[in-house]
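Only one chain is given next, in structure tokens, and it is the form predicted alone.
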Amino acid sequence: MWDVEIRGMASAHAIIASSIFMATVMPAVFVENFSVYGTHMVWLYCMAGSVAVVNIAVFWLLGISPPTKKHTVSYKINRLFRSCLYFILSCLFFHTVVVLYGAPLLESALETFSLAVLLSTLTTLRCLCILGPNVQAWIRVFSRDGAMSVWDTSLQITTGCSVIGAWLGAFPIPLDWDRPWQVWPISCTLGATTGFLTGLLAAPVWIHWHRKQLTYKLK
């Protein structure tokens, strides 16, 4: 059972990781002089959109999302509305946190909010896909020993790696190296993306390595 769960996770993570690669390569066919540095906002939103679509599709096809108790149209619309609302609130939350950590308040506001959108895509969207718009479940998963499935553990790892990657990416910005990737918020978005990819790789490896110590029930 463990092997099936871990192989399924590894396959899903490989598909999600490939979406980042495609979002980096495909726009060059349609956008003139496309590059991660030169047209960074284009790359950022292409990557965020690609990751969002693939995440939603993968978790829907795998049936990872918690089943709904009600099947009425109004309930599904309400659930979709709450998911969109939580995502928007997450963007505002990350934007506020980034500003409090020293990002310009008014200057480069679009770039700062774009970083917040990326972080929400890499973290909050996965919470919505795996746990649904259930704040209590989110609190449970990110509390100590709160994971109840391998997907909960993977969510902890990928979220932590994404946030830490964005934080580490801010360190080179004030250095006097005069590199194109030091322009705000390129190094932070690259750090978040690298952290996310690291989490996608590390999650199934870590779970496989510690499978004997994990005692939660599998879904």
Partner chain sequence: MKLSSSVFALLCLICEIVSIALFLRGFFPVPVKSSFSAKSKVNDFPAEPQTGSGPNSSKAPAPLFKRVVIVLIDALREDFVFGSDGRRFMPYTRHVVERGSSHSFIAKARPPTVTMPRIKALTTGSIPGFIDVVMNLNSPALLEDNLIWQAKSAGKRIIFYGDDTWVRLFPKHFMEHDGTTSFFVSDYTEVDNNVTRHLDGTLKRDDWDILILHYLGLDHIGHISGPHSSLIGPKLMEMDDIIKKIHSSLISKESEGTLPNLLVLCGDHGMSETGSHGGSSEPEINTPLVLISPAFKRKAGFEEPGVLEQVDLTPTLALGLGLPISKNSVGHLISAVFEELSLREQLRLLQINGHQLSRLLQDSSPTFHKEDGYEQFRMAEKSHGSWMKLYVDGNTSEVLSNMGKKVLKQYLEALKAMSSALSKQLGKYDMYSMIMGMIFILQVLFLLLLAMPEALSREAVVDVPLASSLLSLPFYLLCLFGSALHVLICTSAGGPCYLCSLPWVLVFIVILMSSAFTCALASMAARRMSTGNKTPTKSSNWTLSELDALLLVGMVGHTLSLGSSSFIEEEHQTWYFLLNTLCLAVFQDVCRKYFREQRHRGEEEDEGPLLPSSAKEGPSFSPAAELGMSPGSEKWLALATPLLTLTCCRLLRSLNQTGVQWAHLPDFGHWLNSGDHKAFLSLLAVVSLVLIFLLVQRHCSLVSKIALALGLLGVYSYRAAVGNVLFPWQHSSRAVSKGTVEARFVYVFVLGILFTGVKDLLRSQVMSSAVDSGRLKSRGLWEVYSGVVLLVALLFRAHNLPTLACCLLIQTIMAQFIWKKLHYDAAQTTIMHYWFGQAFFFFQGNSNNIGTVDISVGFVGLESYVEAPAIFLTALSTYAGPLLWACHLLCFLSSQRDRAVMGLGHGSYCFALLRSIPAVFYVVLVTSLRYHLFIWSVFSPKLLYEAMHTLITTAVCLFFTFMDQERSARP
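None of these values were measured; they are calculated from a predicted model. Positions refer to the first chain, counted from 1.
What comes next is about the form predicted in complex with the partner chain, which does not appear here.
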Choose from 171-179, 31-39, 189-197, 54-62 the stretch whose residues reach within 4.5 Å of the partner chain in the predicted bound form, heavy atoms counted.
171-179
Give a yes or no on whether every one of 82, 97 and 101 sits within 4.5 angstroms of the partner chain in the predicted bound form by heavy atom.
yes
So in the predicted bound form, does any heavy atom of residue 167 sit within 4.5 Å of the partner chain?
yes
Should residue 105 be counted as a contact of the partner chain in the predicted bound form, where contact means heavy atoms within 4.5 Å?
yes
Taking heavy atoms and a 4.5 Å cut-off, does residue 72 contact the partner chain in the predicted bound form?
no
So, in the predicted bound form, is residue 134 in contact with the partner chain at a 4.5 angstroms heavy atom limit?
yes
